[in-house]
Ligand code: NAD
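One chain comes next, on its own, written as structure tokens: the form predicted alone.
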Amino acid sequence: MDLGIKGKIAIVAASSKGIGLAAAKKLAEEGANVVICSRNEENLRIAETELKKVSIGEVLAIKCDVTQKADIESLVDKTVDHFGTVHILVNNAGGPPAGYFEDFDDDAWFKAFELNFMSAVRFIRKVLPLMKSQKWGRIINITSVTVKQPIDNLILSNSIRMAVVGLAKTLALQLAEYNITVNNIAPGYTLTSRVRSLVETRAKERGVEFEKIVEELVKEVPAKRMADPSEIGNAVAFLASEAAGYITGVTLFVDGGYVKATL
């Protein structure tokens, strides 16, 4: 299936590892010109090399801390200087720390807000004039299953990511006439390199097999496994496509059936 994104310009935030890298890789395989970023220069260059092996289009790697407004604005400016525009924006960032309400002071809440909400706001604000002028755009926010089914010890994520969903739904209504769609992807348990490392450590500490720890973590997942990051990347590529042009304002759960809600 031709997704219709060959030659499009895509920015994927926080894309040197995990879900961000998987999304960038799928867009690159489909022929988009992909801009990746990370605050870690070494990880960024490793990801750039990996992407260039599979990319049909061009790959541009730019150092960027998504909690910093100046970094975001600079990244978009460099993208436009190089490619002329932006068609696809994938808002992605690492999750805030786990913990309970009593564990976090104001500073922790503000950091989570900067990381997971304001990063999306700032990227969208910067690319929106471009998308409006060309009457074509795809904005995709990576959130979490916690926006529908809160996880007990993830109060920061449960709270802040809901704000992203509200932002996306409102913008979807306002931007549809410009042929700009705004959607969210809510991954469930995903076997990123970070999660794999944590599982390996826990398995070693307990003297059990890797698969045993995974089985325990996904006991409430009907699919009985974690997602591979590439499966999240597939969802990103679809929502970025021409085929998904009439889909906007939705939150797509890629979770193996973890979320039990019917609506």
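Throughout, we count residues from 1 along the sequence that is shown. Nothing here was measured: the structure is a model prediction, and the numbers come from that model.
Unshown form predicted together with the named molecule; subsequent notes refer to it.
Contact between G95 and the named molecule in the predicted bound form is found at the 4.5 Å heavy atom cutoff. In the predicted bound form, the named molecule stays beyond 4.5 Å of every heavy atom belonging to N33. Of the heavy atoms in R39, some are within 4.5 Å of the named molecule in the predicted bound form.
Contact between G249 and the named molecule in the predicted bound form is not found at the 4.5 Å heavy atom cutoff. Of the candidate stretches 73-81, 136-144, 98-106, 175-183, only 136-144 has residues with heavy atoms within 4.5 Å of the named molecule in the predicted bound form. Checked against the named molecule in the predicted bound form, the candidates A61, A235, C64, A28 yield a single residue with a heavy atom inside 4.5 Å, and that residue is C64.
No residue in the set I124, K169 and S241 has a non-hydrogen atom no more than 4.5 Å from the named molecule in the predicted bound form. In sequence order, P187, G188, Y189, T190, T192, R194, V195 are the residues of 169-203 having a heavy atom within 4.5 Å of the named molecule in the predicted bound form; the partner itself is omitted from this view.
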